[in-house]
Structure formats: C-alpha cells, structure tokens
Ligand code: GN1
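Below you will find one chain, with nothing else, as structure tokens; this is the form predicted alone, and questions on how it binds or moves follow later.
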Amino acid sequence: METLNKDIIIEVADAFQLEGRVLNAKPYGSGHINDTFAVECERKDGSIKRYILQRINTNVFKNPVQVMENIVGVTNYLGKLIEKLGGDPMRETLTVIPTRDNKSFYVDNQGGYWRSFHFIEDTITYDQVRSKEDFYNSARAFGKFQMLLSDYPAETLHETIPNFHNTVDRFAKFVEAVEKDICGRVKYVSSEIAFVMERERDTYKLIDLLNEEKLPLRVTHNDTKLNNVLIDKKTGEGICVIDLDTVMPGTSLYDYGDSIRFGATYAAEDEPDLSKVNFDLELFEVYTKGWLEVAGDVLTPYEIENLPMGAKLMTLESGIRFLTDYLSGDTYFKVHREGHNLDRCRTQLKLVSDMEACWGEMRRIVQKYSKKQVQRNSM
C-alpha cells in the first residue's frame, strides 16, 4: 500500500468521533498487514487523548464491510459482558469509534477503508516469547477470549478469509504447486515435500471433526500470536486481545494450536539454523495450564482431548503454506532474503517432528490440567 502523508491521515481522523482537536498522527506498531497510526487529540482541558487509526488492507481482506461487521458484533458483545462481570470494557476489549455519520468505517476519496479504536494506554506487546510468564499470560488472555465468546452465535460471523484454516484445501494447493513447479524449485526440497505428503491424512482430522459436529463451532481469533495480546505494563497480565480482522467461525483448536505453533519454542519463525529450533515442552505445559484454567469450563471433553492435534495441525499447516509459497515464487509472504520462505517452512516441519516424538507427553500434560479442571469444578 502506498505511503500516506500526515495531512491525509489527519483529514481521515476528522471523519471519526474523536474527542478533541486532532494534533498529530504517527505510524504505530509492528504489523505488516494494515496501515496503523496513533492519533493524538487535544481535549478542551488541554489533556491529550490517543486513538488508533487503521487503513484496512483490502488486498488481504477483500470485503472490509464484513470484517467490520464481525468486529463490531464481537466487541460490542464483549464490552457488555465484561461490564456485567465487573471488568473494565475500555481496557479489556477493543472499542470501535464511530464516524461522524455513525458508521464503523470511513471510505476516503481513493476508496480506502478506515476504522478507529480507543487507544488502550499503559500496555505493551511482545513479538517473541521472552519468558514462560509471558506465554502463560497470553494463554490466559486467549483462553478468556474463548470463554467470554462461548455463547456467541459463531455461525452469524462472516468468513473474512475463505478457507483460512482449511488444512485440506491448503494441502490441495500445495500439491498443485508441486505439480506446476513454476520456479523449478521442487528438486531442492524433495525431503520437505515428502514430509508433507506423508501427513496428508492428518490434514483431514479437524475438518472432518467439524463436519461431523464432533467439535462445536466457535468464535475463533485465528491469529493467536503473542503480539496480538496487550500486556498491562504494571501487572504483566494479558488484558486485551487485539487484531480481530480474522475473527471467524471455526474450532477452538485453531486458536490453541496457533499459539503453540508460534510460542512453544524460543527460536524465531525464520531461524535458518535448525539446531536452534526445538519444541519446548515446558512452554507447551505453561500455555496449556493457562488456557485450561480460563477456558476449560466451556470446552468439551473432546475439544480438550484433541488439543495436541490442534497444535500439530496448525504447525503443519504453516509449514505447508510457507513451502507452497516458496514453490510458487514467494508471492504471498514477504521475503527478505533468498530462501526465506524455505527457512520458515523448515522451522515448522522441525516443530511437527518434535511434537510427534513427544506426543505421549503432550497428551499427558493436557490430561493433567484437564483433570485439575474437573477436580475444581466438582469442589
């Protein structure tokens, strides 16, 4: 998306019901999809209030109106429930700021779609797991998100990115990329291709369980990385889940699994040295503990039993996506060096292999905290 000058951003900001006079707008955050700015407004008493202003990337989100319908529905629901439970909805969920004509978005004269949120002060995000405590706090935040939305009618949500976690569809696209080999790269990745091909049957498991209604349809965030949780600077607690563009109907195992994929290792997602990439059972246990402490009451026994499969499949799916993009000429994920997507693919497949090697221990850890949940409920 093209660079935006400050005057245009301030002009767009004036379209929203912001409190006070717009003073400034600066790029904010480390996101790679939408254009995000922190807008400063001077109120009548001279104090400064900040807001988030975002231009939605319509190359990724083809129907921004549906995206905003999902976000408004979910955040309004969360706000009312959090207030009812005695919490602070202005800190514990995103608050959409309406335009001056009471819409949830504004369309500029270039056709760009914008939205604004209340800025949640005294918070921070982390792009990578630094400690077990960080990961535990994110687990509780995402678990709370799942718990609070357990009664929300997931079937009413739009699918903002069709087939986003459809692992069967992801596998089919991978096979197509192998067969076409448009960049002549297949010969360099025969072992990676074989690894994925051997696990074709796995790609059906969650989709089949959803179709057979053995897993309940739930509201899912679908991008449960650590940096999508706002951490309170004073308490260190994860207080608010952000980046709700991919909120869609799905299974809770998508969210749990994606968090494990991202966070149960101290290695970077694109680490080229695979000797540094290891699935960390301690981090897995920490996250499972935090997740089940908060979400365990609303999950079915079958969901809990299949948590390890969620972790494995979301990791395998990411590996498949990176490998597909590598074979297709690096057209989806941004790359910063030759073989970047291949490095990303290899880290994910290494984590899948590690999970398979300690599968029994993963299941025992899930059972351990599931049993504690049952014991607490019976007291």
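Definition used throughout: the rigid core is the maximal C-alpha set that superposes within 1.5 Å between two forms. On a predicted model such as this, the values are computed, not experimentally measured, just so you know. Quick note: we count residues from 1 along the sequence shown, nothing fancier.
The form predicted together with the named molecule exists for this protein as well; it is not shown, and the discussion that follows is about that form.
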query: Contact flag, Asp134 vs the named molecule in the predicted bound form, heavy atom cut 4.5 Å; finding: no
query: Distance check, Thr265 to the named molecule in the predicted bound form, heavy atom within 4.5 Å; finding: no
query: Contact flag, Tyr326 vs the named molecule in the predicted bound form, heavy atom cut 4.5 Å; finding: no
query: Distance check, Glu269 to the named molecule in the predicted bound form, heavy atom within 4.5 Å; finding: yes
query: Non-hydrogen atom within 4.5 Å of the named molecule in the predicted bound form for each of Val60, Lys225 and Asp258; finding: yes
query: Of Thr203, Asn306, Thr75, Thr246, the one that lies within 4.5 Å of the named molecule in the predicted bound form (heavy atoms); finding: Thr246
query: Residue among Ile161, Leu209, Val298, Val178 with a heavy atom within 4.5 Å of the named molecule in the predicted bound form; finding: Ile161
query: Answer range among 217 to 225, 287 to 295, 136 to 144, 273 to 281 for contact with the named molecule, defined in the predicted bound form as heavy atoms within 4.5 Å; finding: 217 to 225
query: Lys334 C-alpha moves between the shown form and the other one by 2 Å or more, core aligned; finding: yes
query: Arg344 C-alpha relocation of at least 2 Å between the shown form and the other one, rigid core basis; finding: yes
